[in-house]
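A single chain, nothing else alongside it, follows as structure tokens in the form predicted alone.
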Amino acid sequence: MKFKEIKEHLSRYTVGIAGAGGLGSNCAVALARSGIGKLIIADFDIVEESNLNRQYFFVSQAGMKKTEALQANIAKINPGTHVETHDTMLNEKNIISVFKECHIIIEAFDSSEMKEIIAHTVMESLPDKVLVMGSGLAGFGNNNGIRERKIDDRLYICGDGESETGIDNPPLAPRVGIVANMQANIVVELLMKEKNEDHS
């Protein structure tokens, strides 16, 4: 299948991204480059220079809202991808309202508590959505330990499942990028399997 056909097909779909940090920003860019029609991105944080070792932002964007900075970057990469932003801290209630129109939701949180909240909320309250999560991406090396796990038809987890982020084990661009692009690849794979219907 030619890229033009892939892009035309993916342009019919909306993907939600919960968090615009290392996983979220890199995954959003990969999906925009692939031709996703719409991204709904939620985050309440600002860009800091300390983020630049792994997040898809630039020094000149320090101090900007991550959602605004990422929207601007995607517009330069693929203006055909519509980006809807929500400058908010997600919780059990607004996760449902923010992502209700999405076909697939990407979990891109740092906090294990927030990972649990979105997993529970999507599985219980958004039964028609697929959730693609990240778990275990800190440090460097061990490429072969990073994998995709299909829990069921609605839940996928990418990462090594064990390397926790800490002062002595920070998240770095290579492994963060691998996991983010693995999440994006699952989204593309799942959406390309969908029947070529009008989902706009």
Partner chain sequence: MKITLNNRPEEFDADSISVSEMLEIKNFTFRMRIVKINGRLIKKEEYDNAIIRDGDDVQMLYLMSGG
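Positions refer to the first chain, counted from 1. If you're wondering where the values come from, they're calculated on a predicted model, not measured in any experiment.
Keep in mind that the form predicted together with the partner chain is missing from the display, and what follows is about it.
Figure note: of the listed segments 29-37, 42-50, 130-138, 57-65, the one touching the partner chain in the model of the complex, with heavy atoms no more than 4.5 Å away, is 130-138. Using a 4.5 Å heavy atom cutoff, none of Asp87, Ile95 and Glu101 lies near the partner chain in the model of the complex.
Although the partner is absent here, Ile17 lies well away from the partner chain in the model of the complex, with no heavy atom inside 4.5 Å.
In the model of the complex, none of the heavy atoms of Ile146 sits within 4.5 Å of a heavy atom of the partner chain. At a distance threshold of 4.5 angstroms between non-hydrogen atoms, Ala173 is out of contact with the partner chain in the model of the complex. Remark: Thr165 counts among the residues lining the partner chain in the model of the complex, judged by a heavy atom distance of 4.5 Å or less.
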